[in-house]
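One chain comes next, on its own, written out as structure tokens in the form predicted on its own.
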């Protein structure tokens, strides 16, 4: 039996107060719909269709060709949204797993468990429900005297007795695919809201088909996000869950409540993470590395025993036993070798360095290839931009670059070169040379006293 996922993601999400479609809004800097898709891809689901509408191109850019698309031009409720998928899924045999695109916390083991339960119990429709002590705003699961589900009644349509029901609808369903579109077409427009409620399918199906529930023990995993406060709750849940998993795997965290790690980051046992640190994207942190305090690592690889303190590392790689920071910035594919020192207020962009290279303070290295055993003096700069194009600097091994040196690219500094402090070097320097590129100093005797008199 084939399994399909149908993600309802056409809504504007006006309560988010953003121009983005709601399902594209980031959680821990990743679109919430990406969490859903990553879990679907790990599940037993064979194919996914996404209902898009408001700013559909944004979601299409996120999901690409991994999914099929159906378009809901006008948002007239969840039943109307499902009906929009008929041209894509209507002729397919199997079951359809329906879930909202604002539900990023449900993981693939639970998805598979729900699908398995639907099949084993022989259900035609499975409603995923949860029991809540204070169920306000949720649709109530109404049962008859035999305990069979007969309807889902929305909060505003509940009578006083129904409002006391604590089993509520999560808006997740598994439905026999052929029956789904047959019965969605029978849903009538709600007079009060002018929408077609998918929940009405229960009342239509229960007399002739087997309708059952799957109760989720932790309501957080079926939490729908409607506003920015909801985003903060989801982020806290994800952060705590991710951090717990890493700590149980041997990652040491100091004040883990201040540490944020992305869903996709890989962190090996033996890593230490200090307060106020952020590890995002597909970052990989190797054993023995130290991250923080106050560090951000984004889509980067940090090798064994490297240290990143009070610094930002983005789209880059830091070699074994290298120290970065405080207040350094590595970006745009900076690849730093083993046993390097990248110190205070150093920026390295789109550059590589060899082993045992040091850039201790107040340095910019851009678009450069730097060899091993190179020392950058304070204030030295690779001048890579001429106002129109970026140019490359190549520096060999065992080079000493004095303080306040400008290397004006394109330029090549060969091995065993010494560049005098204060030099602005515009030509290649051959191997073993001393380069001095500065004006001759002139001392004017007794001249200072004339300046003092002029000030008076």
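Residue numbers count along the first chain shown, from 1. Keep in mind the model is a prediction, meaning the values are calculated, not measured.
Keep in mind that the form predicted in complex with a small molecule is missing from the display, and what follows is about it.
Annotated contact segment (heavy atom within 4.5 Å of the small molecule in the predicted complex): 132-140, selected among 323-331, 337-345, 207-215, 132-140. Each of 23, 170 and 197 comes within 4.5 Å of the small molecule in the predicted complex, counting any heavy atom.
Scanning 366, 354, 377, 100 against the small molecule in the predicted complex with a 4.5 Å heavy atom cut-off leaves one residue, 100. Site annotation in the predicted complex: the residue of 224, 219, 281, 293 reaching within 4.5 Å of the small molecule with a heavy atom is 224. In the predicted complex, the small molecule sits within 4.5 Å of a heavy atom belonging to residue 154. The small molecule is not shown here, but in the predicted complex it comes within 4.5 Å of a heavy atom of residue 8. Heavy atoms of residue 177 never reach within 4.5 Å of the small molecule in the predicted complex, leaving it off the interface. The closest non-hydrogen atom of residue 78 lies within 4.5 Å of the small molecule in the predicted complex.
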